[in-house]
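The chain below stands alone, shown as structure tokens; this is the form predicted alone.
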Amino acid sequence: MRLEVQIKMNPTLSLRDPEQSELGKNIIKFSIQLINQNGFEAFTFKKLAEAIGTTEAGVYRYFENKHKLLVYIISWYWGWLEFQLIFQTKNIKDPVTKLKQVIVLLASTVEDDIMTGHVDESLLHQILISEGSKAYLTKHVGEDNKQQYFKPYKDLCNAVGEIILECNPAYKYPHSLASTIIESAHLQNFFMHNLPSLTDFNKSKKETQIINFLNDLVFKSIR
């Protein structure tokens, strides 16, 4: 019997918990596939319902609108990534080695996690790179923040910030640097594939280059 990773989600993001039914899990599974294939702008609940083999009304029983669904899957990814960070660094004592491992985690290609059957993390990672900022770059970001929609992202930043402080307890900007590491890992990947003049990286060696860049940025900053 396979054990599945359970990511705690903000209950106000959904009208029903999608993790508790087959239809709910399919909504998450197929929304990830469709957004990755066609982009968030082209994604609709009608197309999602057709892909699942259900009705639009069935989808609306779980999510009020597609924005909340996007925030849900992005938040899920942040929670899963924090789980991976904790798991991959729990036995590392040296803070510098730990921070380097975090950078590798953030900048590397993500493979599908077999412990999460209805979520393809490799596709979700691509959505995060190309669509993730749309979860919070909105006119109602303040209200969404009051509802704690972005708590998983903040928790991840805080976890990275704490490791930065382990490396240098006197460093003044741990949260700013933490969010910069996370955003840069994804933005540089996006730029490299779509706006290459904004980077110095070659697609053929993308992971090594971005990891080296982030190591250079981070450790020169915290010295």
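Predicted model, so just to flag it, every value in this text is computed and none were measured. Residue numbers run from 1 along the displayed sequence.
Quick note: we don't show the form predicted together with another copy of the chain, though the next part is all about it.
A.B. asks: With the partner left out here, check for me: in the predicted complex, does some heavy atom of Lys154 sit within 4.5 Å of another copy of the chain?
C.D. replies: It does: once another copy of the chain is placed as it appears in the predicted complex, Lys154 has a heavy atom within 4.5 Å of it.
A.B. asks: Consider Asn26 of the chain shown here, and say whether it contacts another copy of the chain in the predicted complex, taking contact as heavy atoms within 4.5 Å.
C.D. replies: Close contact is absent here: in the predicted complex, Asn26 is far from another copy of the chain, nothing within 4.5 Å, heavy atoms only.
A.B. asks: Just to confirm, Ser130 within 4.5 Å of another copy of the chain in the predicted complex by heavy atoms?
C.D. replies: Ser130: yes, in contact with another copy of the chain in the predicted complex.
A.B. asks: Give a yes or no for Lys8: in the predicted complex, does one of its heavy atoms lie within 4.5 Å of a heavy atom belonging to another copy of the chain?
C.D. replies: Because no heavy atom of Lys8 falls inside 4.5 Å of another copy of the chain in the predicted complex, the answer is no.
A.B. asks: If we take heavy atoms and a 4.5 Å cut-off, which stretch out of 85-93, 69-77, 98-106, 142-150 is in contact with another copy of the chain in the predicted complex?
C.D. replies: Careful reading of the contacts points to 142-150.
A.B. asks: Heavy atom within 4.5 Å of another copy of the chain in the predicted complex: which residues of 184-202 qualify?
C.D. replies: Heavy-atom contacts within 4.5 Å come from Ser184, Leu187, Gln188, Phe190, Phe191, Asn194, Leu195, Ser197, Leu198, Thr199, Asp200, Phe201.
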